[in-house]
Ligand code: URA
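Consider the single chain below, provided in structure tokens and representing the form predicted on its own.
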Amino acid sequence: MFIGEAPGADEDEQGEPFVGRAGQLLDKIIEASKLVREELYICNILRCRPPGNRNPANEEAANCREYLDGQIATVNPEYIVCWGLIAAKNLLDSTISIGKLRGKFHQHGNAKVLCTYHPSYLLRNPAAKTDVWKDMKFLMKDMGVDLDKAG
């Protein structure tokens, strides 16, 4: 299960998560990680786009939490990837920076949770792609796939 922040303009228009520029980058990350998008459940902390595409307020995230918890209960994932601080902060009820959350597993229910940078952050800070790739290799190795040896 992949969890993002909130729908952007493209997502609002198409009714699908991660379909804009950040979604195209996420697609490349998924493919490089030997995953298949159609086999992933992708959702957001928020159900709708905040005005001005601003970060969601705590109250807005709290209003959508029951729906998110329902999605997690239905999917019952073994792994959850939180893409960005907003997703990580809300799912894990944490105030720790994304830089300190990444690189290790956290727990949410039965799921191992990995936190990493949001694809939109990578569009603005391409150097962070190296960190996300390390995170994805860490995730996939735990799932039994060594991306250094995968062909």
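Remember, predicted model here, so these are calculated numbers, not experimental data. The first residue of the sequence shown is number 1, and the count goes up from there.
One more form of this protein, predicted together with uracil, exists but is not displayed; see below.
Notebook entry, point to check: Is the gap between Asp135 and uracil in the predicted complex 4.5 Å or less for some heavy atom pair?
Noted result: Because no heavy atom of Asp135 falls inside 4.5 Å of uracil in the predicted complex, the answer is no.
Note to self: Just checking whether Arg102 would be counted as a contact of uracil in the predicted complex - the rule being heavy atoms within 4.5 angstroms.
What the structure shows: No, Arg102 is distant from the partner.
Note to self: I'd like to know if Asn44 sits close to uracil in the predicted complex, meaning any non-hydrogen atom pair within 4.5 angstroms.
What the structure shows: Residue-level check for Asn44: yes, a contact with uracil.
Margin query: Even though the partner isn't displayed, in the predicted complex is Lys89 close enough to uracil, meaning a heavy atom within 4.5 Å?
Written below: No, no contact at 4.5 Å.
Note to self: Can you list, in sequence order, the residues from 1-21 that come within 4.5 Å of uracil in the predicted complex, counting heavy atoms only?
What the structure shows: Residues within 4.5 Å: Gly4, Glu5, Ala6, Pro7, Gly8, Glu11, Pro17, Phe18.
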